[in-house]
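Listed next as structure tokens is one chain, alone, in the form predicted alone.
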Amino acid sequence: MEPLRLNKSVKAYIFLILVAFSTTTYGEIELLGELSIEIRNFQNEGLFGQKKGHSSYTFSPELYFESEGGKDFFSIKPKFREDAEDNERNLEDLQELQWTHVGENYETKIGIRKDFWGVTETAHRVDIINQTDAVESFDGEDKLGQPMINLSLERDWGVLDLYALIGSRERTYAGKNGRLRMPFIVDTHNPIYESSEEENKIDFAIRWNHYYGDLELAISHFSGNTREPLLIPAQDGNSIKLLPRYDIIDQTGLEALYIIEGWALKLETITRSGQGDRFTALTTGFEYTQTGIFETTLDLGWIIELNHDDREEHSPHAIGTRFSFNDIDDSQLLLGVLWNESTGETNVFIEGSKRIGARSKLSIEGFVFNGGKKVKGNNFDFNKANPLDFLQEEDFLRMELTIFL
């Protein structure tokens, strides 16, 4: 298992957090966490003979401390993942090492943590604070811990969050024996940085959000190393490898969520400079929920989202149905299709979860890729290929059992 790489500034930062923790008197201590066992089954062997069956386990213990006065909180949550086939999927990460102080009309959070931005379902345009753990799941919603200092100010005109991000994390990619990868290996050990400080660069972000009745608005800006690297082809003997390049970017984002009766209207849009020409991207749509259909406890949700990205000639759209059973096991099921009217692609996805007793949960995730061109070996034009072409042999179903400690 490859260890978590921490530079000197981050190590000093962690030391200061631990010193702050040791000088505070804590009253309540909780031990939490979870253990997950995952099995992924693919319909076909991989493009380079990878196995159909992949398994892994993840262990995430958590310690939570609260001060006697209820003003200070401290949490530690490491994450360990071991994969039976793909060494690049192994992980040692600090998801949280955080000290939180709650004051009057303000809150400070210092440490390593995750912070999510966004309102849409299928694509999260504005979510940029944390790096994506791309080998954890296909939807890109799993993140790596980010060292940061966060000051949150609560006022009548809204909540203002200020961030200083201490260094940046590199994106994870599947290795030689991994699934859901391109024909060329991404060389994560030799990244390219525009900044001379490389991953040690301090990034900055700011976000304002406020409610106006049933309307929630948020405006954000990020400046620093991109979390979405470009992949640069490079010669590797008789083959090609891909080098991730992390440019310095400035990204401004807008989020809007409007609730009216059973409707939830959603919008995420960004404009970004620093990776070639400035571009804009957006996801917008709605979710309509019918409650208690057929005189039962079942809620039925309808989801439609449209996508646009200046960098892509064709952007897929999404239509889905969410079933919320409102039972004691919190059972949920999401079925959907990503379709591209220009290319004819219709990729089907499924997500579901159900609690089993008081201390465990079963989750499923599946994807069927339909409509792209099948890639054979290294017969792959990197400059002209559709990003989904290399996934045509990667139809999968993932099952995960999570046990809560």
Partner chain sequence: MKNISIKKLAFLAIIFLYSLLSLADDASKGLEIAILADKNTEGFIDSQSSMEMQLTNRKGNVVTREMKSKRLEVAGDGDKSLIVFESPRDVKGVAILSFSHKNSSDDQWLYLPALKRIKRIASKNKSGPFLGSEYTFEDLSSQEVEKFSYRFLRDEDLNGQPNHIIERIPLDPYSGYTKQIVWIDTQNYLIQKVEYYDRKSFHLKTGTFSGYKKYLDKIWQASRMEIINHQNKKKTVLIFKDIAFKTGLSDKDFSQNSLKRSR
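Residue numbers count along the first chain shown, from 1. Bear in mind that the values here come from a model prediction, so they are computed numbers and not experimental data.
Below: the form predicted in complex with the partner chain, not depicted.
- Residues 257, 266 and 359 are all found to lie within 4.5 Å of the partner chain in the model of the complex, as judged by heavy atom distances.
- Heavy atoms within 4.5 Å of the partner chain in the model of the complex are found in one stretch of 324 to 332, 307 to 315, 228 to 236, 197 to 205, which is 324 to 332.
- Proximity to the partner chain in the model of the complex, defined as a heavy atom within 4.5 Å, holds among 115, 92, 247, 88 only for 115.
- A single residue from the set 82, 170, 187, 216 has any heavy atom within 4.5 angstroms of the partner chain in the model of the complex; that residue is 216.
- Taking non-hydrogen atoms only, residue 103 approaches the partner chain to within 4.5 angstroms in the model of the complex.
- Among heavy atoms of residue 120, some come within 4.5 Å of the partner chain in the model of the complex.
- Contact between residue 366 and the partner chain in the model of the complex is not found at the 4.5 Å heavy atom cutoff.
- Contact check for residue 211: a heavy atom falls within 4.5 Å of the partner chain in the model of the complex.
- Heavy atoms closer than or equal to 4.5 Å to the partner chain in the model of the complex belong, across 286 to 301, to the residues 287, 289, 291, 295, 297, ordered by sequence position.
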